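For reference, the chain that follows is the form predicted alone, supplied as structure tokens.
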Amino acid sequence: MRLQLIDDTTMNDERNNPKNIGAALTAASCALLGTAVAAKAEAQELHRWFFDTALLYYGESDDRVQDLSATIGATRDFGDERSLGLTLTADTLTGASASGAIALDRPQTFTSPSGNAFYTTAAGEVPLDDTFLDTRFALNVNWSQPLGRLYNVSGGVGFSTEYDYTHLGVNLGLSRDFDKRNTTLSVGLAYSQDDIDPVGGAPLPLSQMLDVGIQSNKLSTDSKDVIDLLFGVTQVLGRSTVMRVNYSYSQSSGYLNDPYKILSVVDPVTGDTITRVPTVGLSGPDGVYLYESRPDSRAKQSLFSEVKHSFAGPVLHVSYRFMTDDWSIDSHTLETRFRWPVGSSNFIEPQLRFYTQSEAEFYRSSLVSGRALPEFASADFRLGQFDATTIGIKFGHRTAGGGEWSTRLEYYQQSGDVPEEQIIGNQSGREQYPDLSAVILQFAYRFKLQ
């Protein structure tokens, strides 16, 4: 289970989440872009453990998804630019997640994902599945060392487990310095296999939600594979400016559906969900709802660029990311951060990020009764068109012992639209793509031990 979408540069809401293997890939390759300089700067600190700890809270408005996450990372410096990194993360999620069904002027009843119970949403509200609950544990191990004078290699493994999801991944990165180490080229490769074991089983695509206790339309576990490639270059542009550009390619194949997302089947004139009557003696949905269907493969390409410039104290970060995939989703992310020293041991860092994306070619707010079913369809808001803005600020303090603690507060606001041609009848008078806001609060502490 995953967080309700904010944009794809932050958290992801999928309960069968494509795990962020990109993070592992970054650790194996992108991070190499700066390790050589950092290792030399820390030469006097050999044979030490360095620790990074963080506690993060993410909370959506209207009692939707809440997440509490704790992370501890440890790096052992073995000298000669060789290091071992360990990261352990535990988080727990609760709240309600949008199911994909449309809002109606009457209450709606649904069968829960387990198939053993039902729940009801109020009239006029976008249906939310309030059975959202999960705990995740993740462990990542990474090793980095030089190969000769100009090369650096990194490799690692990652494992995470949830109630309905298991992830196992490996990654490898290689970088080479040029031009007196003013230029660094890097390449990274990562592979993961994810096993999905949805609560109640994985539903057949576009099959109908059934009554409580009847699960004939669900299968057992399924899986998917993800391969990521990354090519990067970092260039020193002057005494105070560094630029980084990365190109990445990701190929996913296998089970890419969200087993908990559904679509409403609606009347072609009124736009209201077609009603149904549960089997005598049983409880179940009072409308016709079909489970979503997505393609079994997805190819994504992205281009990321970042410039860091020091103003003899303050440091400006500006980055831009473009992503496109074969589901017809294009996204743009623009972010800026400005780290401003306050005295000799404190700093503040305001942040601003804009994100926008187009909808997937198979995004449908609902399906029309009597029409032939498409091969693929999903009403998942994360696959729709939306814009998002994040504003935040970070405050940090360096301790006398060489450590650093910081706190970060962000506010996230998302708004989207259903394509006008998909609005039918009474749907025009109801909110079908509600705005979403969230607060993110993080406390972090970095220290080192002999």
Partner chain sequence: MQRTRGALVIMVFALSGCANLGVEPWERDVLARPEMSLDSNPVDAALDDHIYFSKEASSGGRGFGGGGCGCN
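Numbering follows the first chain given and starts at 1. Predicted model, so just to flag it, every value in this text is computed and none were measured.
Below: the form predicted together with its partner chain, not depicted.
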Check: Of 106, 276, 181, 76, which one comes within 4.5 Å of its partner chain in the predicted complex, counting heavy atoms only?
Finding: 181
Check: in the predicted complex, which of the listed residues (94, 114, 241, 221) lies with a heavy atom within 4.5 Å of its partner chain?
Finding: 241
Next item on the list: Quick one: find which of 241 to 249, 283 to 291, 77 to 85, 114 to 122 has residues within 4.5 Å of its partner chain in the predicted complex by heavy atom distance.
Entry: 241 to 249
Note to self: Taking its partner chain in the predicted complex, would 61, 363 and 422 all count as contacting it (heavy atom within 4.5 Å)?
What the structure shows: no
Next item on the list: Check whether residue 71 has any heavy atom within 4.5 Å of a heavy atom of its partner chain in the predicted complex, and answer yes or no.
Entry: yes
Margin query: Within 4.5 Å, heavy atoms only: does residue 313 come near its partner chain in the predicted complex?
Written below: yes
Notebook entry, point to check: Quick one: is residue 56 in contact with its partner chain in the predicted complex, heavy atoms, 4.5 Å cut-off?
Noted result: yes
Margin query: Is residue 211 part of the interface with its partner chain in the predicted complex - any heavy atom within 4.5 Å?
Written below: no
Next item on the list: Within 4.5 Å of its partner chain in the predicted complex, which residues of 182 to 201 have a heavy atom? Give them in sequence order, or say none.
Entry: 182, 188, 189, 190, 194
